[in-house]
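Just the one chain here, laid out as structure tokens, in the form predicted on its own.
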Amino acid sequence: MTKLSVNINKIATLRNARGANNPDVVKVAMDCERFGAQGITVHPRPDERHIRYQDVLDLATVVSTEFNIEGYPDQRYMQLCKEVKPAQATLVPDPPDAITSNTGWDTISNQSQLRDIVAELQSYGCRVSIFINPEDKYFEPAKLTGTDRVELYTEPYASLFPKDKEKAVKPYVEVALIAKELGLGLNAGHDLDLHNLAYLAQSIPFLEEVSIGHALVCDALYYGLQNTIQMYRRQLEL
């Protein structure tokens, strides 16, 4: 069954808007787990505009499900993973000023760099996942980095889904099969929501994990956090 990891970056964005500690991201993470989240995801960025590096250290002491730290593998990220030793480190190719992740790694031209980074993170005890576009050319090079998993960048799927869901999911099913043949675990994330999540999970039944933040937090404004997490869980169980 596909696990749901809740990305709490947007909770930190709301907190930072007022400069105090409301909402408390540590309490929210614990509540997400209590409400049914099977993992907590954070993506600290250099400007700390949402999750702060101190948040990651604080969360590491309380998260009891899988803790997933996303980020560009600069020196500060690597040091954070060395100290925290999260269950999973997800590598994304974001430049420092990126608003959100908008593409996967070119695992061909970055293969040597990624191989060294993957090995270092694994030496800390982390499972490693590489954020990747749904293009078959990137998967064998990804395997050669030594990564444990890849995370499918699903924004193109989400964009096309309302117009043609079969066409939207087709490249994802194709690369998912390649990943499975190569022995790579499979995650997915970006712009997944209550409308498109179930179809993706049904189309790729061996999908191991989805990481969802923005849409889930937006839905929680209407449905409440506990109810929303259960609604997302049900989409993965259809």
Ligand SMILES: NCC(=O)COP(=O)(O)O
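All of these numbers come straight from a predicted model, not from anything done at the bench. We number the residues from 1 along the sequence you see.
Just so it is clear, the following notes concern the form predicted in complex with the ligand, a form of the same protein that is not shown.
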So, the ligand superimposed from where it sits in the predicted bound form: by the 2.4 Å backbone or C-beta clash rule, 3 or more atoms, this site is open
- Item | Partner contact for residue 212 in the predicted bound form: the ligand, 4.5 angstroms, heavy atom | yes
(Q) Is residue 58 part of the interface with the ligand in the predicted bound form - any heavy atom within 4.5 Å? (A) no
Q.
At 4.5 Å between heavy atoms, is residue 31 in contact with the ligand in the predicted bound form?
A. no
Please tell me whether any heavy atom belonging to residue 191 falls inside 4.5 Å of a heavy atom of the ligand, as the geometry stands in the predicted bound form. yes
Testing 22 to 30, 197 to 205, 166 to 174, 182 to 190 against the ligand in the predicted bound form with a 4.5 Å heavy atom criterion leaves exactly one stretch, namely 182 to 190
Near the ligand in the predicted bound form, with a heavy atom at 4.5 Å or closer, the residues from 154 to 188 are none
